[in-house]
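Given as structure tokens, the chain that follows is alone and in the form predicted on its own.
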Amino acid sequence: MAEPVTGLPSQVYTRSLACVHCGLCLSACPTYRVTGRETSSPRGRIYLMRGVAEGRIELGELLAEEAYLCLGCRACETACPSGVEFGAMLEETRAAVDEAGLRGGLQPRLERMILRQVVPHRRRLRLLIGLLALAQRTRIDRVASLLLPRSLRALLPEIPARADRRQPPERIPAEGEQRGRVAFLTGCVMPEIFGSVNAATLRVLSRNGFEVVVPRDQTCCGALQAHAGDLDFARGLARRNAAVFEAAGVDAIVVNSAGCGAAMRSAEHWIPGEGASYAGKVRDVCELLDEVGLRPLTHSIQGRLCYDDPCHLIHGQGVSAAPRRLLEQIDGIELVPHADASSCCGAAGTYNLTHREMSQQVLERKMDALAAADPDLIATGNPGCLMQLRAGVRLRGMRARVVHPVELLDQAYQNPHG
């Protein structure tokens, strides 16, 4: 086989050779299901990538458009019989597109500035979230939101009180007989918008016999930056976290955000040689609890529940059954299936902001399936998915409450709502 001569990194070309063009990925691809275009399918995008890598096609607008129209959900990887590493190819292609200057305009520059200068810096992000909280308390946001489309207004999260956004202690002792010592990734968005999920995660881990350490020097996992084509910056974040978590001397690194977990497990190909041990210790909180066995729950929760798979948990990490097994152990919960559980909801990091129309079309199919199941509760394990599904529920006027699985486990241990 000839080596690529121009356009994309050699890794893209090498990975593309695994594709046998069978087409089994097509029905799994959200953008292909919406458009019906071959170029908007995994197979079509791989044709484009290989053509550019071989110098037969110019690195230009078509590949740039398709690289960013893709949600990066990695459902094609689950469907693929040949093991094509499409997620890695996509990240490398987006980085090449950005380096070539093919993403012009204000939006990409603003996105990069926020992802570099705000998101990885806890104090700056906290200040920004604090300003949003002030706008909500004074109801200024309601006036401003009138300028936004209804679908974007529905996405706006309610900022928790300052008390719910406090940093957790650096060490949480295990309850009862200790079963292990783990570190916890707090994340960037999670502490500020989903602080209650982080608090529930720490309580559940402690209740299940884990001593938890929360390293203060940890930073953003790099997922959002890599998805946005800023792969070099993402590698820098991964190097920092690899050093911080290795120094913690723990059995596992626990994550409650599917996107973060998938990114951290990618560290071996982001930072070869440095990231293998770090990546190998990463466990989703539901995955870990299922592996060791959940200690007996003490309270019941009544309701019909649909579990919706976050893409980067089921496709990026291969975890699907574990959250369902845990939820089935809650007395009173009836786990009901829905027809679109393993497909993308359309959140995809910042995709629901940068590609709002396509994101909404992808979400519609998901909400049709959930509305048909008519649950009391919808559980999913990723912050973007939580916000996207809550927006879908609001837009549809559904009664369901959207929660993280670990919140229900925490409630079943404590029953704080009565």
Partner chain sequence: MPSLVERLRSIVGDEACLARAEELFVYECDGLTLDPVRPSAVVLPRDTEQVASVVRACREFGQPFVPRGAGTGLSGGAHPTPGAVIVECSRMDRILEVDAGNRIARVQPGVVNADLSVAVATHGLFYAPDPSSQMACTIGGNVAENAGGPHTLKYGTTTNHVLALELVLPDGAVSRLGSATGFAPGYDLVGAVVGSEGTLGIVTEVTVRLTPIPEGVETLLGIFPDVVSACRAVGRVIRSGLVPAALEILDQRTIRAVEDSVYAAGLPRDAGAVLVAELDGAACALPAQVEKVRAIIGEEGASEVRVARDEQERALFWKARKGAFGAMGRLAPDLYVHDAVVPRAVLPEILATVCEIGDRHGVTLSNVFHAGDGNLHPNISFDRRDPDELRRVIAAGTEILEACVRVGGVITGEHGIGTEKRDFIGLVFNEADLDAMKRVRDAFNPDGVCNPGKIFPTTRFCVESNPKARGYDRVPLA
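Note that the structure is a prediction, hence the values are computed from the model and not measured. Numbering follows the first chain given and starts at 1.
Beyond what is shown, the protein has a form predicted together with its partner chain; the following relates to that form.
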>> Using a 4.5 Å heavy atom cut-off, which of 387 to 395, 23 to 31, 348 to 356, 368 to 376 contacts its partner chain in the model of the complex?
In response: 23 to 31
> Is it the case that 205, 209 and 250 all touch its partner chain in the model of the complex, with a non-hydrogen atom of each within 4.5 angstroms?
Replying inline: no
> With a 4.5 Å heavy atom cut-off, would you call residue 81 a contact of its partner chain in the model of the complex?
Replying inline: yes
>> Can you tell me if residue 69 lies within 4.5 angstroms of its partner chain in the model of the complex, counting non-hydrogen atoms only?
In response: no
>> At 4.5 Å between heavy atoms, is residue 19 in contact with its partner chain in the model of the complex?
In response: yes
>> Please determine whether residue 290 contacts its partner chain in the model of the complex, using a 4.5 Å cut-off between heavy atoms.
In response: no
> Listed by sequence position, which residues of 30 to 50 have a non-hydrogen atom within 4.5 angstroms of its partner chain in the model of the complex?
Replying inline: 32, 33, 35, 36, 37, 38, 39, 43, 44, 47, 48, 50
